[in-house]
Structure formats: C-alpha cells, structure tokens
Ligand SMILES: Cc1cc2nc3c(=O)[nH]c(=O)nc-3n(C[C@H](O)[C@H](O)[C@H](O)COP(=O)(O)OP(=O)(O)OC[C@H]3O[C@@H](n4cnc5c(N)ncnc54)[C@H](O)[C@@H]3O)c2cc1C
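Below sits a lone chain in structure tokens, taken as the form predicted alone.
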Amino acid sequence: MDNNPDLISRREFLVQASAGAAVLLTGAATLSCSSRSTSHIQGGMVGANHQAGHKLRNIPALYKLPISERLTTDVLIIGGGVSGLSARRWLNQKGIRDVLLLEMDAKTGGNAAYGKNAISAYPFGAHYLPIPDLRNKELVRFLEEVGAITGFDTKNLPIYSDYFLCHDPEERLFINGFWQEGLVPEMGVPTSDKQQIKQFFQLVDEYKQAKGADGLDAFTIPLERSSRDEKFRQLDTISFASYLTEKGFTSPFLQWYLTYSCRDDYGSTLETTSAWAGIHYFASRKGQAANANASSVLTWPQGNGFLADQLRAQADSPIRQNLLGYGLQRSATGVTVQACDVATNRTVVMEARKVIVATPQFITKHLVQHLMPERSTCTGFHYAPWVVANLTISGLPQGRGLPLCWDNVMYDTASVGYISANHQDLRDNPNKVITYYKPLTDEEPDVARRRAYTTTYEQWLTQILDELEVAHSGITAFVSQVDIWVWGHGMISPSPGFIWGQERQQAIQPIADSIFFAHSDLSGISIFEEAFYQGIRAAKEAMKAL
C-alpha cells in the first residue's frame, strides 16, 4: 500500500470529482455570454528563442564574429534535446567522460519543454510515454534507473510506479453535448459506423501480431527493428487516406478518430501521413507489465520534461547553453566546430575528435552545408507547426457525462484537446493547469508557420477560449493565466514515402567516421522512444570510431 497521504483511491477520486463537477456546473449556469472579458487574464507568448536559430540563415555573418574562447574535447554533442541527452548519458555510462554538449537555448530538453507555477508543473510539449515493449531493453533499463519501474514480478514483468502510471479516469470525448468515456466515438454513432470501427481495430490486432518473411515484427519501436518485408513497407508509399478508402473504411466517425490520431501523434492529416505510419501508431504498442496493459501510459505534471531531466542528471559531463553551432570543418585531429554565443554575439571554437549532431534536419542542413552540400537540399523532411497553451484555472465548468480526465478531447474542433497537467495529484483542488494542444494542419506547413509567428497573443487567446467555451461554458471567468508557445517546427511529419525512403536513410549516415547524427527526425516519427534510441545509436557509432 502507498503511504503517501496526498494520494487517495481511484474510487474516492471519482466520487469527489463528480461532486465537484456538479458544483462547478451550477456556478457556470449563472454566467452570461456578455461576461467574456479577458482583461483579468495574465500571460503572454513564451518559448524557445527561434530568433537564435534564424541566425543560421546568414552563416557568412556568423563567421565574421570575434572569437572569445577555444576549447577541446573528445566528443562534442550539438543539440540538447532528448537525442543529445541520451547520447551524453550513454557515453557517460560507458566511461567516456571528455564530452561537451552544446544547446542553443537557455534550457535543454527540446520538445520536452515545461514550465511551473504555484499550482503545478506543466508541459509545453510531449507529455507521456506508453509503457514500452520488454524487448526495448535500453529503455526498460532507463525507466528502472529513474524509478518508473519499481521492481519485477515472478514472471519478470515490470511493476510500474503508481505515481507515474496515468490514473483513472484517463480519457474522455465531448460529442453531442456529452462527455463520453474514451476517445473512440460512441455517443450517437450509428450501428454501421460502429461496425466499421470494430473492423478497423480487428485489423490493427492482426497487424500487431504480424511478422514479415524475415521473422521481424511488422510494426515495432524503435521502428528500425520493424520488418523489411516489402509486404508491409509498401504501405509507406501511399497515404493513410488512400489506404482507408481502399479498405472501405468510410465512416466519418472512424475517419475523425484516425485524423485526430494522426494530428495528435504526427501533426499531420490522413492525406499527409503514410499508411505505414498511420498503422504503426496503433500496431506498435506492445508493452507488458505486471500492473498495466499495452495501452497504459506514464505521465508527469511536467510531461516528458521529467524524462529529459533524468537523462541530463545521469551524466556529469559539461553542458554549455546559449551556444548555437554554425560551422563544422574536418581537421587534422577530427572536427573543428564554431558556435555563436547568443548572449554575447561572439564565437567559441571547439576542437573535437568526434561530433554528434543531435539537431533537427532544418538545423543540421546548415551545419553540414560545406561538408556535404547535398544534405542541405533535402526536401523530404516536413515539420508540423503547433500551438501549446497552459491555462491556470480556479475551476472548470463541467457539462454532462464523465468528469475531468487526464486527456480531454472535443469532437470535430481545431485542437486535439487538453490534458490536466496536475491529474496525477488526486487531491480535490479546483485550482488546476490544463494544457491545450493545437497542430496547425489546415494549411501547408510553411504557410501555417508564418501565420503562427505573426498571430498575436490576444488572437491566440480568443481562439483558444472560444473553443474551450463550447464544452465548458463560462470557463473564461475561471482563467487567471495563459502562456502560449508556438512551435514553428514542432515535429517531423511521416509523409508518404519518407520513413522507408532513401532520403531518411542517407541522413543517418556518418561523415568520414567523424560526424554522427542523432535525432527523432532520423526515425521519421517524433516520439521519446525514437529520440532515445537515436541518441544511443549515434553514441555507439562515435565510441566505436574513437
């Protein structure tokens, strides 16, 4: 039994949440549409310094900066996201300590960024980790090291910490004016549509069990360990939309759910997601545990920022922040790297025996343009822009149906819903932080990105509150703070032909056994598991070449 007095049972929580919801609903009924003033709401635009990254558009100007410092190291890692931190951790565990990591922002973590206030920590990016396949031994070991796995049962199945396993109630969907349990549409869905939904998930179960002629799983994580059988890989050449049409999956409710899934995991649509990636979303989850099932997830108030912080803590090699790498040149002893100190606008020159470039391709292409010009012209890497907002609230007007869950989605709206950041804290506290996610998929990514950067805080605030008011009438009056982060290049999109195409494979290849590459971009899917794997893969390659 857990001795933490701050935790209560799931049954008690549901009772309390239902009672609290009724109180909030009663209070909301007195609010009128004319009370939609937002003058009481504090906050603003936050986020990574994209202006620093934009310096790479004029590299000749960076080469003119005065040099303020010279350093040497065995291994230099450029990029402090999950892949870079994973590589640093792995090298440290193998006894490679002369390592330096550069991060152009003030904080490491990449898209596992998070914030914190008096109410709770909260994510600005990735916010959960599905329990992993036991064959992913490095990841299982890491989760054991950070206390997410507390032991193993007599069948050697991991026991996950109750603090980190997402508590019930986990998911709900607002549809037809009612909060239903789960995200697959049920309320008001015709029988014929329900039958199609059932058939789709039967097909997914078949794909989960499927193996190729090479004996490998058709779909798994890391995806590089998936079967090379053309029977499955040819699915990458067509869109998920075409695949569904071919299979006769025409139900608008099923199509909405699958569109939601693609937008949520990939920031893309059925038309811009490959069929292989669309199926992988469902068929690759094969985790096992003594106290959880394959669909269970681990989550924290700060989202995957918890995991990024743990990766950082597992190595003691130095990290230099606010340093933007901009030039890589081969030298007699390895690689010369130039970086701009964005605080002082001066250059730091580093000599490294080996370099791991753990940056997204839209950054990497600038770093290697003189060494390998062909890599700077890659056209297959497409990125989804996102908007993430954290709202601090003193109450949440609740409609009919299931009370507040961890993941809360509204049918047929612009966003993919919101999570309750302090869901794991089961104390009955009306003060909460909810994290709203919106992939910008209505326009071409470049157009959406430019529009996002020119949209004002007030405009975003209006859009977000207008949507939330649909399911939570009167919520605006309960909001005290809204902080908004625009991710111009939020995640790589697995467009048709990309995952198993030549361009991604070429981008993984090292340069002259001296420069190695690590990022979830190189998987084609932006999830923690892939970033973690890519960091270890690149670290192994660099260590072998030392």
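These numbers were taken from a predicted model, which means no experiment stands behind them. So that there is no doubt, residue numbering starts at 1 and follows the sequence shown.
Below, we turn to the form predicted together with the ligand, even though it does not appear here.
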- Task: Just one of 173-181, 222-230, 468-476, 75-83 has residues with a heavy atom within 4.5 Å of the ligand in the predicted bound form, so point it out.
- Result: 75-83
- Query: Are any of the heavy atoms in H127 no more than 4.5 Å from a heavy atom of the ligand in the predicted bound form?
  - Reply: yes
- Query: Counting only non-hydrogen atoms and a 4.5 angstroms cut-off, does M491 reach the ligand in the predicted bound form?
  - Reply: yes
- Item | L102: touches the ligand in the predicted bound form, heavy atom cutoff 4.5 angstroms | yes
- Would W90 count as touching the ligand in the predicted bound form under a 4.5 Å heavy atom rule? no
- Message: Is it true that L56, G109 and T359, all three, sit within 4.5 Å of the ligand in the predicted bound form, judged by heavy atoms?
- Response: yes
- Students should find that, of L391, I131, C262, L323, the residue having a non-hydrogen atom no more than 4.5 angstroms from the ligand in the predicted bound form is L323
- Task: Sequence order please: the residues of 430-468 with a heavy atom within 4.5 Å of the ligand in the predicted bound form.
- Result: Y437
